[in-house]
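We've got the same protein chain twice here, in two forms, each standing alone as structure tokens: structure 1 and structure 2.
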Structure 1
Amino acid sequence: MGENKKNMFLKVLSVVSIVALFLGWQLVVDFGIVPNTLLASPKQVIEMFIYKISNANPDGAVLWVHVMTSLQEALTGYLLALVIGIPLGLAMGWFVVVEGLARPIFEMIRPIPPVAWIPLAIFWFGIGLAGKVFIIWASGLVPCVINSFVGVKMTNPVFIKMAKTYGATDWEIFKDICIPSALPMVFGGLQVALAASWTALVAAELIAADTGLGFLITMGRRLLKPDMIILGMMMVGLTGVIIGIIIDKIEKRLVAGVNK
């Protein structure tokens, strides 16, 4: 099977699987296999989506306010995790002094689940933007550091020896060989960090928030509205997918540029 035919076949299978999922979901609710009080149908979720576009009731904000609040919190914490985590991981992978100083502290912090920081974050920052940004930063930092560190460690030693033979300094080897070699692992870490950041964001908003997609889900639970809960969940998933696609596009362009 040619590459074009294979891609077309995969796209058709994807569409079929999604249609089958939503059709089965609708039938499960319509035939009462799962009570409508416990599971909203796709039709009800779409109706709630249309309603929430322009109506703040019953949770106090229209849908796009929730989306923009979550995006602001998630992207701020996520970008801070990248800005700190990637350089730290790259430096730990190549410079012995940095690894010796930073790795013991990082290994102590790494096993702590991000949600464990929520009580302290509320205590330190309240339920506003800063507290959620801190939690998201803590969750996204770990995969950024780990993948960047491993990416440098996986650099082909032949390239390093060749560079040293021609008189390259440690900084030149790090800048011109190790960083480009580590890019695939770094971008893999960005995807993992994105998933961790969204998970932490929703967890934080479920506990303490007044707007955001996690808050929308919480209000759906309090008001016994499964269509609102599922709408919040689907918006979390859709927003995460869009950001993931953007990261993937950036990765392909950067890696292609480096390979040239």
Structure 2
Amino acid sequence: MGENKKNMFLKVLSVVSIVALFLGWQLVVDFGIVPNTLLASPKQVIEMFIYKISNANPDGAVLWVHVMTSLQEALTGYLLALVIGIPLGLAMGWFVVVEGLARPIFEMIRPIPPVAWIPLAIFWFGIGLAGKVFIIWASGLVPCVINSFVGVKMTNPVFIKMAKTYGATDWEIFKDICIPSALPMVFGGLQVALAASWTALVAAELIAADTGLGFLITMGRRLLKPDMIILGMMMVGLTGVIIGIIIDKIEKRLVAGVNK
């Protein structure tokens, strides 16, 4: 009983904490403790949000377009990273030749932080879709490959030996034993890749873009509109969380399917 009471108290405390944060934020702006040129109140951000739903000014596109642009760039690059990275990582884990040839190059690319690809990507592909897709692809690829590779390497050797004694071929072992047992690791990589991609995308849009959430943030700064900056930041966070949840759902369904 005491335990339940305490949990209740802690939950209430959490809610109070969030409410206090927003209230404090609102008051700090309302009373002019922080000038409105530096910080917008939550109310102003919401008003901006409503305004931007239907108005393209002052940054040239409605909110929806910015979100969709970012999403399109992110998902294209991300899917390309999965399609190339996962098979490559799996193959590197099982086939000595693939590992021998791909690993050194991969190890060279691995320590490069995703954002460091931005100038090269822009230089090669320009500031449009292709450049962004490349950046996302480069940042998502590394976790995809690593996790798939490690996943295969961690396959229980007993299963492999058993399959061998039953006369399974290399390919069969790879297909029927290594890949299924690597799947949880691979899925783990998807979330990591997503986080890396999303951060890199925002960075890329901040530097060079004409639409997208990062661009919205940059425009907010150029126009000295903190409400627009904060709206952009919140949309970035929110969209990231939503994609994360969707991937998590897909992952759970797939894992359940595999286990059957």
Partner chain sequence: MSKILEANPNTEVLEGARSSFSIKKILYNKYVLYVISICLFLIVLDLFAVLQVFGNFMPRPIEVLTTLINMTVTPLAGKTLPMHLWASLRRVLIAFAIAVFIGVPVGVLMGFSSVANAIISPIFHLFKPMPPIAWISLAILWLGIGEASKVFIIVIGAIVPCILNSYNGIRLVDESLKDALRMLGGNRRQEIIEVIFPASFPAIFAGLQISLSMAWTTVLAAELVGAREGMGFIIVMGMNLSKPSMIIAGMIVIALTAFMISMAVNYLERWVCPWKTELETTE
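Throughout, rigid core stands for the largest set of C-alpha atoms superposing within 1.5 Å between the two forms. Along the sequence of structure 1, residues get numbers from 1 upward. Keep in mind it's a predicted model, so treat the numbers as computed, not measured.
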query	finding
Structure identified as the form predicted alone	1
Rigid-body partner check between structure 1 and structure 2: Ala196, Ser181	yes
Turn angle in ° for the smaller rigid piece between structure 1 and structure 2	23
Once the two forms are fitted on their core, CA shift of Val12 between structure 1 and structure 2 in Å	8.1
